[in-house]
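One chain is shown next in structure tokens, namely the form predicted alone.
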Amino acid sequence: MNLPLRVAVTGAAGQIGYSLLFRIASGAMFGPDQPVILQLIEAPVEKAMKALEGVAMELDDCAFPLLKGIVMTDQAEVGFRDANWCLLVGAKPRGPGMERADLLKDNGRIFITQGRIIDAVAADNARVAVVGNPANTNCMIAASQAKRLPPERFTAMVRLDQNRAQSQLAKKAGVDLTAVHSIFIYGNHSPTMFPAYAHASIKGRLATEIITDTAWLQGPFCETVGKRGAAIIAARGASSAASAANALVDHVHDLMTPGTVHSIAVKSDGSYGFDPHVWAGMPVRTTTEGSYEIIHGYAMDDFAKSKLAATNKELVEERAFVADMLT
């Protein structure tokens, strides 16, 4: 059996963390032959650490054969030490009346600290996946603090948007979910992101040949995917924690599976009109475990170009808000 991977998770006792940890320990993220050690990080607050103790008890009670150890800590230096994967789930939520700029500043300070500590103490092969919102810009901030780890090691999650888009296309076409392929997410993990339906296929044919309702594709489809999180909060009174955790499992699993084509937010190389200094969702192909290459050359029509320009504008504005935090 392989040596255990050390997986650090922030916000480990939160809603997403609670949905995530059991999936990691069961083998869903790294495979049925890869043991793991979970390094669980929570805020230095008694209530949070007490909740984390309860989560650890449940992990013990599941008797997962792949789970070879649990570290519980409120110290980032301990939690990230020698970690092969750092899953940055925890972040300050947007409160009533809070402007997005305020949220960016508050979370920016958190991700400055985490980026510096990860760079200092994580394993030489460490990879970072950011979930805490605003995920793209938080990822950029964390990566900006790293001197040892290169920027391509830092990715942000747009997989939840990809999964939502795949599901919506399958329902509209009346086909099984597995019949939908190559639906990619471009830009920010926010309502401005763009699910590029023209590149998708359904049962081996272009999605636009199966779904010919262009008004639906450009309107309700894009809006549903972009605003799905808000709709879930309105329906259940809480955020989409389980689907976010599931998307992170998919994000990491596919980054560990060479040959897989999927969507992640990465440092832009200028492709598709994105500013080269932002992290943007793009289609990638996993090359080796944990590494990827951006897929270039997808043609964009005028509608797609306008959507990409809008989401790029938001990313550039977010970068401007936190410019003083970038090194």
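On a predicted model such as this, the values are computed, not experimentally measured, just so you know. Numbering starts at 1 and runs along the sequence shown.
There is another form of this protein, the form predicted together with a small molecule, and it is not shown here; the text below is about that form.
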Open item on the list: Only one of these stretches, 213 to 221, 170 to 178, 146 to 154, 232 to 240, has heavy atoms within 4.5 Å of the small molecule in the predicted bound form; which one is it?
Closed with: 232 to 240
TODO: Give a yes or no for Met300: in the predicted bound form, does one of its heavy atoms lie within 4.5 Å of a heavy atom belonging to the small molecule?
DONE: no
Task: Residue contact check: Gln114 to the small molecule in the predicted bound form, 4.5 Å heavy atom - done: yes
Open item on the list: in the predicted bound form, does Leu315 come within 4.5 Å of the small molecule, counting heavy atoms only?
Closed with: no
Open item on the list: Taking the small molecule as it sits in the predicted bound form, is Gly90 in contact with it (heavy atom to heavy atom, 4.5 Å or less)?
Closed with: yes
TODO: Consider the chain as shown here, without its partner, and state which of Asn84, Asn133, Thr192, Gln166 has a heavy atom within 4.5 Å of the small molecule in the predicted bound form.
DONE: Asn133
Task: Sole residue of Ala123, Leu255, Ala207, Ile110 within 4.5 Å of the small molecule in the predicted bound form, by heavy atom - done: Ile110
